[in-house]
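Shown below, as structure tokens, is a lone chain in the form predicted on its own; questions about how it binds or moves come after it.
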Amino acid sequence: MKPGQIAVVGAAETTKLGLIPELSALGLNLDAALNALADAALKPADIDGVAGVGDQPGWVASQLGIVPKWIDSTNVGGCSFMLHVRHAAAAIAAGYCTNVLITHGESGRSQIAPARYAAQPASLSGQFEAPYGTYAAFTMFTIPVLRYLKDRGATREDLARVAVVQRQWAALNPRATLRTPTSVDEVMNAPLIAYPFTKPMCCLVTDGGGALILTTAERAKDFPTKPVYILGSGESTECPMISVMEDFTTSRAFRISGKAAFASSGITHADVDHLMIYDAFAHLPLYGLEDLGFCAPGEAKHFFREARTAPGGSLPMNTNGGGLSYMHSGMYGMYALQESVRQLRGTAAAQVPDAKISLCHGVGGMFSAAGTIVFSNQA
């Protein structure tokens, strides 16, 4: 597939974000889908490919009256939607379908008919990790981050700085959940969730969803929205359990996915105007900056100490406020993709001036998977 051959022509989130007790997970998928269809001036009958997590694409197609020729139900956690974009682009390029709808919806906070993803007792993680107390994300992510802090010369204050910068971006976004500015001292003195994480270092728990529509670049010229082209992509997975990662201070999946995205797009790091790195917890942007090659191992902390990713910095990152301050329904990848699209359309709340290339990177399955997409507003 050639860079720029496929484009995003529809992009929208659910009408509301945060607390939405009136909608189930399926209802959130449908709300986002209808908003994306309206954004692209399309009808359900125009869609012939659907993607989403698990059984969601089947339910969405059924409820909207879509008759798909192509379906992708890949579920590797929060970065599933990066993989859906990659797979949909390949399917369109191969002629399997023409217009693909990718949806997501989670009732993460209200828990109205939510999807269930908990590890089963007979699974590997159920047998070999859960008995030791690693039953939730905030306990699993502590394992690698403690080794990272020790080996990379970073501190808990560096984790706090990530949360502070994310809040600075969120303060500029009317749809963000947390908009009140915070400080390193406030983050450090907040309630401890699981060492080394205090509450502001952990992702939000919200309701919401989003949807994207992809088609060929040639067809994209006929749509009312500004096309956002897919230049390159990558994906990988490392291990079924966080405790058996190859190296706790780096993600092999991040490195492989990122390398593939750069190679397929033909861009360099200097070409990236805008960056989204999935921030379910405050350490993930540090790993992302290093594993994607924006800096050497151990150097990511300086991006936050020197405010390089903050408003006005040299590498604007997580400009919606991220999973720490914008929203996080459980699987955050869709919201990161939405912000990349907004930035390149020129419609973001905290718009990066003259942004032409955005790199969007996601993590899934408690560090086990990664997906990376390179977008541009120029074919």
Partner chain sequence: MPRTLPSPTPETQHFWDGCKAGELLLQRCIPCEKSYFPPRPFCPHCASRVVEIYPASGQATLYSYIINHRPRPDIGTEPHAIAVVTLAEGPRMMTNIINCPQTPEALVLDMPLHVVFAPQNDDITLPFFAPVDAP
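This is a predicted model, so every value here is computed, not measured. Numbering follows the first chain given and starts at 1.
Not pictured, yet referred to below: the form predicted in complex with its partner chain.
Using a 4.5 Å heavy atom cut-off, which stretch among 84 to 92, 217 to 225, 257 to 265, 189 to 197 contacts its partner chain in the predicted bound form?
Result of the contact check: 189 to 197.
Taking heavy atoms and a 4.5 Å cut-off, does residue 147 contact its partner chain in the predicted bound form?
Because a heavy atom of residue 147 falls inside 4.5 Å of its partner chain in the predicted bound form, the answer is yes.
My question is simply whether residue 143 lines the interface with its partner chain in the predicted bound form - judged by any non-hydrogen atom within 4.5 Å.
Close contact exists here: in the predicted bound form, residue 143 approaches its partner chain to within 4.5 Å, heavy atoms only.
Taking the shortest heavy atom distance, is residue 241 within 4.5 Å of its partner chain in the predicted bound form?
Yes, residue 241 lies within 4.5 Å of its partner chain in the predicted bound form.
Would residue 121 show up as a contact with its partner chain in the predicted bound form if we use heavy atoms at 4.5 Å?
Judged by the heavy-atom cut-off of 4.5 Å, residue 121 is in contact with its partner chain in the predicted bound form.
Tell me, out of 97, 130, 76, 164, which residue has a non-hydrogen atom within 4.5 angstroms of its partner chain in the predicted bound form.
None of the others qualify; the residue that does is 130.
Only one of 272, 245, 204, 176 comes within 4.5 Å of its partner chain in the predicted bound form by heavy atoms, so just point that one out.
Result of the distance check: 245.
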